[in-house]
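Okay, so here's just one chain, in structure tokens, the form predicted on its own.
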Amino acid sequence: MKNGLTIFAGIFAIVAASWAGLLLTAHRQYGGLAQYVDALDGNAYPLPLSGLADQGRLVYEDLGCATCHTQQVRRADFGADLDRKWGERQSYARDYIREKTVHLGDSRLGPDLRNVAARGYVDGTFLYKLLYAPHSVAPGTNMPAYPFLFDVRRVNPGQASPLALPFTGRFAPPAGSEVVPTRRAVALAAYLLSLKDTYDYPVERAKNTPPAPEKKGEH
């Protein structure tokens, strides 16, 4: 076939141009997003990650947390995320601009974590307990334990660490010992406590609010 190479080259060029256009358009749209400055409180949203939280982001990545957890709250017509109270609103692209690596995930063996810090019962102690002994705070969970993120050490009377976990019963450490989070655990907890997308950007809200249904008789 005389023109086989020409036809192949043409098809390849069309496919390559289509992919390039798709990727470059997405990059231009996302890459052009900046923090939104609220004229009332003067803050720029999303708020930047602290240095400790950014270290925790690396721990999150290293442990492969995105294997079982997503970080994307879908809008109402795409799932029941809002009904599950995983967020107060759907996730926007602007929510992710502060992060060097976005951990959207692709499996929900565990709950979505994009707004885990907005759940009233979640604080540092809860997260440490969940990481060290998941069943102590979430009976029946399929989440694995991460005891290597903690030190179990002897403690002298009156010299307990302020970070020692208040375990009792079968989860308590041996008598005379305490469970203390390592630097990696502290950083991971700081990262998780930074996941709180509750600010509703006016531009995104306007774009994603469905129009009100027309009343009968209106044209």
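For clarity, every value in this text was computed on a predicted model and none was experimentally measured. Start at 1 and count along the sequence shown; that's the residue number.
A second form of this protein, the form predicted in complex with a small molecule, is not displayed here; the remarks below concern that form.
Engineer: Identify, from the list Ala76, Ala118, Leu109, Leu104, the residue with a heavy atom within 4.5 Å of the small molecule in the predicted complex.
Structural biologist: It is Leu109 that has a heavy atom within 4.5 Å of the partner.
Engineer: Name the stretch, out of 174-182, 36-44, 61-69, 160-168, where some heavy atom lies within 4.5 Å of the small molecule in the predicted complex.
Structural biologist: Looking at the partner contacts, the answer comes out as 61-69.
Engineer: Counting only heavy atoms and a 4.5 Å cut-off, does the small molecule in the predicted complex sit next to every one of Leu113, Leu127 and Pro144?
Structural biologist: All three within 4.5 Å in the predicted complex.
Engineer: Is Ala93 part of the interface with the small molecule in the predicted complex - any heavy atom within 4.5 Å?
Structural biologist: Answer no; every heavy atom of Ala93 is more than 4.5 Å from the small molecule in the predicted complex.
Engineer: Can any non-hydrogen atom of Leu188 be found within 4.5 angstroms of the small molecule in the predicted complex?
Structural biologist: Residue-level check for Leu188: yes, a contact with the small molecule.
Engineer: Considering non-hydrogen atoms and a 4.5 Å limit, does the small molecule approach Ala138 in the predicted complex?
Structural biologist: Judged by the heavy-atom cut-off of 4.5 Å, Ala138 is in contact with the small molecule in the predicted complex.
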